[in-house]
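One chain is shown next in structure tokens, namely the form predicted alone.
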Amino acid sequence: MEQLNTSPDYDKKDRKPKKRQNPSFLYKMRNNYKYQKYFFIIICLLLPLIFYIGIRILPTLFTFNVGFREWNLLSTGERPFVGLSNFVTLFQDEVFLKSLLNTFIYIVIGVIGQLTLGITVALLLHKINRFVGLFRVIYFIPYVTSIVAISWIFQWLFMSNGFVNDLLINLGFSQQPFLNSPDQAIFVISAAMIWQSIGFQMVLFLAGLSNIPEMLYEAADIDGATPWQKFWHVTVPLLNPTIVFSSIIGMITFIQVSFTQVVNMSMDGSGGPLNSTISVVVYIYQTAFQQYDMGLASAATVVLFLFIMGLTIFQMKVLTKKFDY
């Protein structure tokens, strides 16, 4: 004998579940596969968003708050609101202004250098058919090597009795101070940064080159274009999205790695000689964890944030162009 369903949601006449006039959200979730799918997707999207807000947005807002306060890491008393006082102190500090200028030099030299060498290596590898994988691995190895290890190797190469000075003396040139010189040290550190990032830029440009249709080069050949004209009027415009992406990522990377390489390659480990290699991130570290002035360090962080945002907007406005062939 068939057992009757006594649930209030069951229609005894039609022997089917009753359709509710205004079903609740939980009822829809329990009985509708489409709602269950959407709920799962929303949960998967919300978890990374909550994590990002927790480790990025909230600390950034907290840093803005600290930047407007007198906040010593060792004091346990009240941390009063001081308005723009920390920012005024920063722009009256010659060391901070020097670090800001050095950071700008690191970015300009580094981004131009790594883009130029990255696209050069990518074009050369794009033209050969043999040992391409081997060359890619060789150029990419420095990018995955420890920054500290590369910094110490470059420091050994450019020390007063290092390999480069030995080579210069054997060629008849005078010995150079390199990392001990306020005029040369920043360029040696920039060279180490550029050399390490060539592999990453090469991969990006190889991906961009593979997306350029070969028929455009064939059409240029028919028109009698020279190799330089094909590069300038076909390759560069179609690589524009890759160039914009590489320049922005390169700029942010140079600001980040300028801490590790400056600390490991400068003669006193703090941006010397005579603050000639100090970057903003090194200045922030020294202010926060050696002088324990979190208010001033947070104000410098806010300035660095605005500096990066301004440069990024400038790069996107200047470099982003649309080409249609």
Partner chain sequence: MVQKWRFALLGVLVLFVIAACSGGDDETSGSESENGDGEITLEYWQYAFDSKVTLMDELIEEFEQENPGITIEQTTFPYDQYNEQVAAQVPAGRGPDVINLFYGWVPSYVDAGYLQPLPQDAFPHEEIEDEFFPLVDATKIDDEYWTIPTAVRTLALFYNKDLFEEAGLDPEAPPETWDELQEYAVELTERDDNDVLVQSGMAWQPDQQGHHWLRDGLTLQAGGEVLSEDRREVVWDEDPAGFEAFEYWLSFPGELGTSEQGFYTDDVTAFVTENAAMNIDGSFRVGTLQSDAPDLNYGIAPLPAQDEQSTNASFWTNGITADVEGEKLDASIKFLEFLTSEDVMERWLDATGELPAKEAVAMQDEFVNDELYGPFIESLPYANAHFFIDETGERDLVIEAANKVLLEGADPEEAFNELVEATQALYDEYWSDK
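Predicted, not measured: the structure shown is a model, and the values here were computed from it. Residue numbers count along the first chain shown, from 1.
There is another form of the same protein, the form predicted together with its partner chain; it is not shown, and what comes next is about it.
Q: Is S160 close enough to touch its partner chain in the model of the complex, meaning at least one heavy atom pair within 4.5 Å?
A: Yes, S160 sits close enough to its partner chain in the model of the complex that at least one of its heavy atoms falls within 4.5 Å.
Q: Is there a non-hydrogen atom of G83 within 4.5 angstroms of a non-hydrogen atom of its partner chain in the model of the complex?
A: No, G83 sits far enough from its partner chain in the model of the complex that none of its heavy atoms falls within 4.5 Å.
Q: Residue-level question: is F245 within 4.5 Å of its partner chain in the model of the complex, judged on heavy atoms?
A: Heavy-atom contact with its partner chain at 4.5 Å: absent for F245.
Q: Is S75 close to its partner chain in the model of the complex, meaning a heavy atom pair under 4.5 Å apart or at it?
A: The answer is yes: S75 has a heavy atom within 4.5 Å of its partner chain.
Q: Have a look at W232, F91, W156, F131 for me and say which one sits with a heavy atom within 4.5 Å of its partner chain in the model of the complex.
A: Answer to the contact question: W156.
Q: Please identify the residue among T226, T145, T116, Q175 with any heavy atom within 4.5 Å of its partner chain in the model of the complex.
A: For this set of options, the contacting one is Q175.
Q: With the partner removed from view, which of 204-212, 101-109, 148-156, 134-142 is the stretch that lies within 4.5 Å of its partner chain in the model of the complex, judged by heavy atom distances?
A: Within 4.5 Å of the partner lies stretch 148-156.
Q: Using heavy atoms only and a 4.5 Å cut-off, decide whether all three of I53, Y285 and F289 touch its partner chain in the model of the complex.
A: So, yes: the whole triplet contacts its partner chain.
Q: What residues, if any, in 260-289 have a non-hydrogen atom within 4.5 angstroms of its partner chain in the model of the complex?
A: Heavy-atom contacts within 4.5 Å come from M267, D268, S270, P273, L274, N275, Y285, F289.
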